[in-house]
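Next up is one chain by itself, shown in structure tokens, the form predicted alone.
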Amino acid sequence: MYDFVYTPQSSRVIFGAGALARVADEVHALGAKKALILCTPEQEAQAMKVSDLLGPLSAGVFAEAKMHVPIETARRARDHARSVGADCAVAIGGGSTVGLGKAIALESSLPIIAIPTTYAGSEMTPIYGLTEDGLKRTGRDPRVLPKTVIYDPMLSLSLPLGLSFVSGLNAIAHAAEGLYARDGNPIMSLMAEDGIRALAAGLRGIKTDPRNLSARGDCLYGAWMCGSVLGHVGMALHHKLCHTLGGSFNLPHAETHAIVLPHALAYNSDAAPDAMLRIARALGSESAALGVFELGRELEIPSGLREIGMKESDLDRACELALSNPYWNPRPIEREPLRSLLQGAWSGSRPPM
């Protein structure tokens, strides 16, 4: 017999090829008059297209979103939104841009419309992150949850294959940890397994044909499912490690998730057998940890933290930081096993069975 609490969240989702054309309607539906468009410098052209679609509803483009949301950038964006009279923000891009929108909403309660162009899934969560003085602080607040999410597979056609792959594995990490979360429930477990399945199939599909719109749609659907899981349940060791590595050592967010995940799953495998069975089944593998690791090799993503800028000499400090304020985890977090996990993730070795 089940025993759980499930509280649904209230984002409106618009899904389909060409859905971007409805962005002005969604701004109107919020009762907003001026929308500030947020993006990274690399996606300014896409943001300008959104601005054109909004016409007189546009308050211009703020193209300064950065990885891990430095608090200085968040403050500049908040002040700029205020100065141009924006009463809504439209974040187009990946986790960095959506994260910037959340940072603005956290202090100003400005409603956010998210238009994901990657598969991170953060647009479906009330989780925010801010980096200050080399430390990344995360939290949950319903104010940061986007009011509307527009999923348009056509927008991800230009996403490079490498970014597509690590972004998708990042989303898989959200669902994988959701399957053994302390506050998990059967609804989230169903969504997690289906999200992992859809992403694995979609990522393999776009490796074969990067222009495959159906495969891109599978990836966005999977990101939606996996992000929703993360938005409803707690995080564990994997996310703690990735927040530590990203915020304190400035490692790229999605790549870090993709590399660490199989090692974190191996660490927790004996403590969460049902979750591991579901993950393996969704991947078509006999082992959750090896299934994720082998999917990464199939997609030719970086296999070790050393390939993305992590120094071996920093592993001891990373271990201490992760131990200093650990998240709940199904297996106790102990120094020696954790240090071994980090070493394996750094070298890119196969995770233990």
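Remember, predicted model here, so these are calculated numbers, not experimental data. The first residue of the shown sequence is 1; numbering continues from there.
Just so you know, the form predicted together with a small molecule exists too; it's not on screen, but the next bit is about it.
> Does residue 68 make contact with the small molecule in the model of the complex, using a 4.5 Å heavy atom cut-off?
It does: once the small molecule is placed as it appears in the model of the complex, residue 68 has a heavy atom within 4.5 Å of it.
> Using the partner position in the model of the complex, report whether residue 43 sits within 4.5 Å of the small molecule, counting heavy atoms only.
Residue 43 belongs to the contact set for the small molecule.
> Heavy atoms within 4.5 Å of the small molecule in the model of the complex: does residue 127 have any?
It does: once the small molecule is placed as it appears in the model of the complex, residue 127 has a heavy atom within 4.5 Å of it.
> Does the small molecule come within 4.5 Å of any heavy atom of residue 253 in the model of the complex?
Within the cut-off, so yes.
> Note which of 117, 148, 244, 268 lies within 4.5 Å of the small molecule in the model of the complex, where distance is taken over heavy atoms; exactly one does.
Checked against the cut-off, the match is 117.
> Considering the small molecule in the model of the complex, which of 101, 222, 262, 95 comes within 4.5 Å of it through any heavy atom?
The residue in contact is 95.
> Given that the partner is absent here, state which listed stretch (276 to 284, 103 to 111, 159 to 167, 187 to 195) has heavy atoms within 4.5 Å of the small molecule in the model of the complex.
The contacting stretch here is 159 to 167.
> For the three residues 136, 155 and 174, verify that every one has a non-hydrogen atom within 4.5 Å of the small molecule in the model of the complex; reply yes or no.
Affirmative, all three are within 4.5 Å.
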